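Form predicted alone, single chain, as C-alpha cells, below.
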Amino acid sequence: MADDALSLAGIDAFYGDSHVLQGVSLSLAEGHVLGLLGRNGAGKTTCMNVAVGLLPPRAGRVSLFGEKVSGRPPEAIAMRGLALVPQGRRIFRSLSVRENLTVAARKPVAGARHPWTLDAVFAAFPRLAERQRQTAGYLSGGEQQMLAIGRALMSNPRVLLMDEPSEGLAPQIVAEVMSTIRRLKEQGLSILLVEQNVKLVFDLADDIVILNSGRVVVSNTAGELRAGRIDLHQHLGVF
C-alpha cells in the first residue's frame, strides 16, 4: 500500500537448500513501530537481511514507500532511506566513537523534520559525546548499543530496522534504549523491531507479526493481541 513505509510480499528466501522464509508478507505503516516476534530460528533476522538486500529473495517483493527495492544491492537500498541496527551491534571496534558515526553520515532528505547530525546524536546519547574520542571496542555493552543506533541514525533513514537491541544489556540500559526508540517513534520514524523481550515489544509496537518456522502465523494490532484473543504461549512459549 502507498502508506506503507516498508512491505514484504510473498517472500521466499533460502540459505543454500534450506527454505527459511515461506511466503512471508508483512507491512510497516509509516510512522509506526512493527514488532516482529518468534522463537529462535523462526526467520526474524532473515526478514531483516532480505529487507536490506543482504539476502536476495527467490520469490516475492520488497517495497520501500511503494518503490520496489528487492533485487537491488544493499548500498542502493540504504540510499533510499533504510538503515539497520544489527544483532550483536557490529560496530567498528578499532575506530573511535566519533569515527564510527561520521563514517555512516549521509545528508537528510530535503525537508526532513529531525535531521541527524553528530550534534543531534550526541544530544540523544550524552555518554557517546563524553567518549567520542575513545576506541569503540572499549565501550560497555550498553554504550556499544547506543553507538550502533547512533551510527544507523547518522544515515538519516526513513525506516529503521532494529534486531534485538536489548540483547545482553542490563535492565537500566534496556530502559534507556527503549526510551530512545519511543522518542524516535514520536519523531515519525518508521521502525521494524525484532526483540525476544515480548513485554518491551508490546509496550512499543503499534502492530505485531509473529513468525513460526518461516511463516507468518499472527498479524494483528498490539491492542487486539493484548485483549488475549490469541494464545501467545502457543507461538512464543510465553504467557
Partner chain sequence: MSQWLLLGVNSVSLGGLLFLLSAGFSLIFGLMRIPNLTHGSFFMLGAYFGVTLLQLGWNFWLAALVAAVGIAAVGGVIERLLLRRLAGQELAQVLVTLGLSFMIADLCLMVWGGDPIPFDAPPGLRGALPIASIVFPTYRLVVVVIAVVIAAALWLLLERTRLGAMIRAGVDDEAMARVTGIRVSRIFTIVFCLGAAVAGFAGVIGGPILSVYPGLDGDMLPLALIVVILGGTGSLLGALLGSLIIGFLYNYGQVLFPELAYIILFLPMLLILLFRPQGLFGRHVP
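Residue numbers count along the first chain shown, from 1. From a predicted model like this one, the values you see are computed outputs, not experimental measurements.
We do not show the form predicted together with its partner chain, though everything after this point is about it.
Heavy atoms within 4.5 Å of its partner chain in the model of the complex are found in exactly one of 203 to 211, 173 to 181, 52 to 60, 37 to 45, that being 52 to 60. Under a 4.5 angstroms non-hydrogen atom cutoff, its partner chain in the model of the complex lacks residue 122 among its neighbouring residues. Using a 4.5 angstroms threshold between heavy atoms, residue 142 stays clear of its partner chain in the model of the complex. Shown alone here, residue 75 lies within 4.5 Å of its partner chain in the model of the complex, counting heavy atoms only. Although the partner is absent here, residue 99 sits close enough that one of its heavy atoms falls within 4.5 Å of its partner chain in the model of the complex. No residue in the set 29, 65 and 69 has a non-hydrogen atom no more than 4.5 Å from its partner chain in the model of the complex. Although its partner chain is not shown here, in the model of the complex the stretch 125 to 145 places heavy atoms of 135, 137, 138 within 4.5 Å of it, in sequence order.
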